[in-house]
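One chain comes next, on its own, written out as structure tokens in the form predicted alone.
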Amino acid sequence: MMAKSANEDQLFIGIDGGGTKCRATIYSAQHGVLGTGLGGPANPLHGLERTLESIMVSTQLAMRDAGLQLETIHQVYAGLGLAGVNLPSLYEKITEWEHPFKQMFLTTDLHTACIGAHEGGDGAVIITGTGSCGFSHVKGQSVNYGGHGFALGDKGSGAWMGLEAIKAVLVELDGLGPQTALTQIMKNHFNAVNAMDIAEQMAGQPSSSYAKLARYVFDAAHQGDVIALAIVKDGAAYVSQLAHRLLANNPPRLSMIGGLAEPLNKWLDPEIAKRVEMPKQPPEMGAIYFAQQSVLEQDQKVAL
């Protein structure tokens, strides 16, 4: 259940930031969700300034959507769940930010996703979006697996699938690998004639650019393309293995969140697919819950 603040009129904002987008939700215990906003990528691993900009864009849009003056942000408690802040150096950089909120409570996107998915109860969650990672919280103990970032890890994610697809296409175009329907699809997508055209356009691109290509991999897999099928099955096998690892901690619930959660489901181990339950709340609400709980704990310490 969502925590109640001492003042039900108190405003909270929950922010969920990942490699592709940043979502913000304004909430009060009395009136519920008041407004939402959507910004760009918000993984500080891929750019601190861009992350802070995306947070502010999504925040301002949520404030406007709620019909609130932008100056009101100074009265709002913020819960932030961001990708990348599992790395101590990035966590420190975000906490040093001179933010506009009344107070800011920072944690990982995994943590807030888990809180939201199970409304504060114990459970496990797998994020399969631009990146991939797993997290469980059971009886006060939290563990996470994966989340090492693109391109060191994130297997089974959109960025990983896009990268694997590009690699397969470039090998075929050089005459060094098997044919795949992905080649013509990517040539059309990039308006490219040869491998160098594609390589040049993707040089230095962030994970979000690769993640946008994942839909082509699923499309080709559904059409029976051997290479695309191998990519999807390999990614699904990793996610299934990740789920088994999380379930070893005996969480009462398991949810999957992210753009690939639904398309990947049919490729998972049947045993895992049956265990996956819909999240009760989105990650932004998990971030709000985290902020509410943090304020309550703060107030209780003061009372003592």
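As the structure is a prediction and not an experimental result, all values here were calculated from the model. Sequential numbering from 1, following the sequence displayed.
Note that the form predicted in complex with a further copy of the same chain isn't included here; everything after this is about it.
Considering a further copy of the same chain in the model of the complex, the lone stretch of 101-109, 70-78, 222-230, 202-210 in range is 202-210 [heavy atom distance within 4.5 Å].
In terms of contact with a further copy of the same chain in the model of the complex, the residue from 215, 93, 148, 189 that brings a heavy atom within 4.5 Å is 148.
Remark: residue 60 does not count among the residues lining a further copy of the same chain in the model of the complex, judged by a heavy atom distance of 4.5 Å or less. Taking the partner from the other structure, a further copy of the same chain in the model of the complex has a heavy atom within 4.5 Å of a heavy atom of residue 166. A residue is said to contact a partner when one of its heavy atoms sits within 4.5 Å of a partner heavy atom; residue 245 meets this definition for a further copy of the same chain in the model of the complex.
Within this chain, residue 138 is remote from the site of a further copy of the same chain in the model of the complex, having no heavy atom within 4.5 Å.
Looking at 213-231, no residue comes within 4.5 Å of a further copy of the same chain in the model of the complex, counting any heavy atom.
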